[in-house]
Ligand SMILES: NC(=O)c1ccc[n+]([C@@H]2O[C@H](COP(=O)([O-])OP(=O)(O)OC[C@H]3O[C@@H](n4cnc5c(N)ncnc54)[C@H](OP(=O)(O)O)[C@@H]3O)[C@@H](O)[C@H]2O)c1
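Taking the form predicted alone, here's one chain by itself in structure tokens.
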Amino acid sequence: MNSRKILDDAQNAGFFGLGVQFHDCYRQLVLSLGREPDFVCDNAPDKWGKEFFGKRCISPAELSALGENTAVVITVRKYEDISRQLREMGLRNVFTACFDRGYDIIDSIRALEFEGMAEKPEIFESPVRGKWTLVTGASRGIGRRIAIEMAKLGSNIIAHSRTIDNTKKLVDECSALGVQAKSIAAELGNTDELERMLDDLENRFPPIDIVFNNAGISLACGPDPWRISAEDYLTHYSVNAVAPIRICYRLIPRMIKRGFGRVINISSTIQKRPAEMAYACSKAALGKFVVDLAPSLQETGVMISLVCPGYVRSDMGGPSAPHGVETVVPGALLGALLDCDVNGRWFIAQDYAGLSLPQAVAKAKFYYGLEE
């Protein structure tokens, strides 16, 4: 399918899904479409008849009446249900807007030609079997889940926490899965402890192939953003930004020499929550580091990426968060599993929740244009 020609030749072309991404990226969407939309559409009845960026929102029934020579670009993150809905309405020229950088940049508009992908059985050969994976903050929550899932895939595990005792049970669980597992400890906010840990990793442990920079803190800073102290900022930056950056600086050069490495940095797309400014700014700094470092890793065999796990129920997220920790898999693993150029990419774990590993890999390759 010549996607550009279909979009250009369509009698009517427009956007479906008037959510956050539509509002934040409207001008980019128009540029990617190559024309002003003829319509906008949404499933929410309270939006029908209202104007958005000067365009009247029509109902799905009105959209269906426009006829087959209509191109629809889905502008929401999880597009699968809407894609099926549009196909059932008889529309065939269905596309999705593919976002990047935490869903604030349009990467491309891609035709949806993969109906049934989620149901298609696929064989998945683990690319991490026998590799050594370091997971920071592995004693609980997201880090623990990642360590166990990587062990299930055959990767040996180095589990980090503040103390060796914190990861003893995890090491036993991973070892029971038939892989080697070791513990290492350091307070990542303490520069001396961090550097000693990195020295140990270089001198006393097997070469590390994969890193999940998962450890992070989100401390209460009070409801008033004007009263967040310098100490609060320094504490968050030291653990959430400086520590993973130092880990990258110490371990990536050795990966480059060996011609293989994967570094996955757990970040966040948190925004517009000023009471959590210290945490949000520290994660933004980590994201900036990854995006700016990525070009220097092209053709090295080393890939660096970012993962937003979503708002999950954990010690950090609290009991009222909407997602269980288990939902970060398989999305959080994609930066380690893709055997192609994912440098500087964002993966939003919740967009892959409920998929199998082969389904998630196939979806990521489609979304980022990485198909072989």
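All residue numbers refer to positions in the sequence shown, first residue = 1. As the structure is a prediction and not an experimental result, all values here were calculated from the model.
Although it is not shown, the form predicted in complex with the ligand is what the next lines describe.
Peer 1: Residue-level contact is defined here as any heavy atom of the residue lying within 4.5 Å of the ligand in the predicted complex; does residue 140 satisfy this criterion?
Peer 2: Yes.
Peer 1: With a cut-off of 4.5 Å between heavy atoms, is residue 279 one of the residues that contacts the ligand in the predicted complex?
Peer 2: Residue 279 belongs to the contact set for the ligand.
Peer 1: Find out whether any non-hydrogen atom of residue 343 is located within 4.5 angstroms of the ligand in the predicted complex, and reply yes or no.
Peer 2: It does not: once the ligand is placed as it appears in the predicted complex, residue 343 has no heavy atom within 4.5 Å of it.
Peer 1: Considering only heavy atoms, tell me if residue 310 and the ligand come within 4.5 Å of each other in the predicted complex.
Peer 2: Although the ligand is absent here, residue 310 would touch it in the predicted complex, with heavy atoms inside 4.5 Å.
Peer 1: Please state whether all three residues 188, 217 and 314 have a non-hydrogen atom within 4.5 angstroms of the ligand in the predicted complex.
Peer 2: Yes: each residue has a heavy atom within 4.5 Å of the partner.
Peer 1: Which one, 71-79, 88-96, 180-188, 125-133, holds residues whose non-hydrogen atoms are within 4.5 Å of the ligand in the predicted complex?
Peer 2: Looking at the partner contacts, the answer comes out as 180-188.
Peer 1: Give me the residue from 221, 266, 248, 302 that has a heavy atom within 4.5 Å of the ligand in the predicted complex.
Peer 2: That would be 266.
Peer 1: Though the ligand is not shown, can you say which of 175, 83, 108, 166 has a heavy atom within 4.5 Å of it in the predicted complex?
Peer 2: Only one option qualifies, and that one is 166.
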